[in-house]
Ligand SMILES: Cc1cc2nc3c(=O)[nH]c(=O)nc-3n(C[C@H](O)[C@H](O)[C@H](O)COP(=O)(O)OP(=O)(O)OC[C@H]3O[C@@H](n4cnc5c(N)ncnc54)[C@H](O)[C@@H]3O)c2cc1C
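To begin, one chain is listed below as structure tokens, in the form predicted alone.
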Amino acid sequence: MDYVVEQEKKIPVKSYDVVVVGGGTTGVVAALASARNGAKTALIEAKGYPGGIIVEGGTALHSFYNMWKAFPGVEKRQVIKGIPQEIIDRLMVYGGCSGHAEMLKGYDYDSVCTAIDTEIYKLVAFEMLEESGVDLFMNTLLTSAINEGGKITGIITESRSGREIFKAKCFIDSTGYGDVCALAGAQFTEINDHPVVNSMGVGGVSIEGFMAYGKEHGLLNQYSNGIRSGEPDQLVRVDLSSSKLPEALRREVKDMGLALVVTSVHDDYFMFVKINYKMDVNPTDRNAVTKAEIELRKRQRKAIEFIRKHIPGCEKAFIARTSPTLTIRRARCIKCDYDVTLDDIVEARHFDDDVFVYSFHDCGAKYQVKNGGTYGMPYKALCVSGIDNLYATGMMITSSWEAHMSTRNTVSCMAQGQAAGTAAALCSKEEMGIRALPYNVLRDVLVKDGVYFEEDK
């Protein structure tokens, strides 16, 4: 390989209290929390809009509630509140959410379905960030991080405005890929234990027809009713089991990576139809990702043909939206001060530094939080080992696949964002390292800002 040595040049510098890199599921909430707690905050995002996995890769937001229906006699309670719930409230005003629609079947997997309109979510996130005084830098790529003695002093970005350095007292990596952490020299592994996805919005369809197909063939796993096209008590989620299809169809669905689960907040539209593809290597490999992008779009075409052929009322189905790039469930796993385990989750463990509580596991038929309760996310699980002013959030924490199937979920990631953003603002204000932050101070501010904690751990 040939090399070119760049000439020296001066790079303009921007200075902040807190810099959040990645405007996705965690990053939006982290930036809001930071700015609202008095920190001069920058949010840097590679795309032209915020939202991340919530608007590109999901089927619904999992999950704001405990699993009360799976445990008769257990109290129903909303365990994620604060800024994540504020976003839902704004979406409801705009007609962009199903509400927290109670699951009518399959509540051993999830207790509610919170479906959203992807495009309205982008607008709501933009508006809330602007209102909170966050400085937004969209279409801006992270290229490097400067680590001096175990502390990040700056990051380098590129955009059409040129190269810039962002200095800050505290940084939050919410890139999903762990890019800040990796560039700063943090320890990480690349496990490659999840498929990648491109989810598409599909028009010209009938969710009632999808439900009828499931019932006719004995495939129905789960459904819920909520607000759709402004009308209450409408189907908003249907989940079918492909394993119960006739062998030829089952193999066809498996080969194209089609997940037979749909959500919708509008008539005649599936907000997400998820197409999966398991890569041979980690999705940090650019060349392999390019091949995966092509394969996923070929599979999308096959999926549309399948939907037209087999699902009643979907004979004229068409692709109305796709994600601009494939989305991931995990890329790099960052070494933090604590690694959440499956036992922590299913045994409903709490810690002396909980920053929120959570109750959902994405393998609900196999793993559930004991007695419909909650487990705590410890502050130390967000602190990147060996670096004094960097938090990791979202799908890049938790090394165990089984534990990761809880902590990576969207609503957990939103809550992680509020915790990290709040902590970063407090640390920057006092000019202290992230491990010097008194827990009682952080807890008091989180409670003030609407974060729910269990009274009796």
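Since the structure is predicted, the reported quantities are computational estimates derived from the model, not experimental observations. One rule holds for the numbers: they count along the sequence shown, beginning at 1.
Omitted from view is the form predicted in complex with the named molecule, to which the following refers.
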If the criterion is a non-hydrogen atom within 4.5 angstroms, does every one of 359, 369 and 373 touch the named molecule in the predicted complex?
no
If contact means a heavy atom within 4.5 Å, which one of 345-353, 297-305, 194-202, 239-247 is the stretch that engages the named molecule in the predicted complex?
194-202
Listed residue (398, 389, 409, 66) with a non-hydrogen atom within 4.5 angstroms of the named molecule in the predicted complex:
409
Under a 4.5 angstroms heavy atom criterion, identify the one residue in 70, 426, 403, 46 near the named molecule in the predicted complex.
46
Decide whether residue 61 counts as a contact residue for the named molecule in the predicted complex under a heavy atom distance cut-off of 4.5 Å.
yes
So, residue 141 and the named molecule: in the predicted complex, are they within 4.5 Å at any heavy atom pair?
yes
Answer yes if any heavy atom of residue 82 is within 4.5 Å of a heavy atom of the named molecule in the predicted complex; otherwise answer no.
no
Contact between residue 42 and the named molecule in the predicted complex at 4.5 Å, heavy atoms?
no
Using a 4.5 Å heavy atom cutoff, which residues in 380-400 contact the named molecule in the predicted complex? It's fine if the answer is none.
393, 394, 395
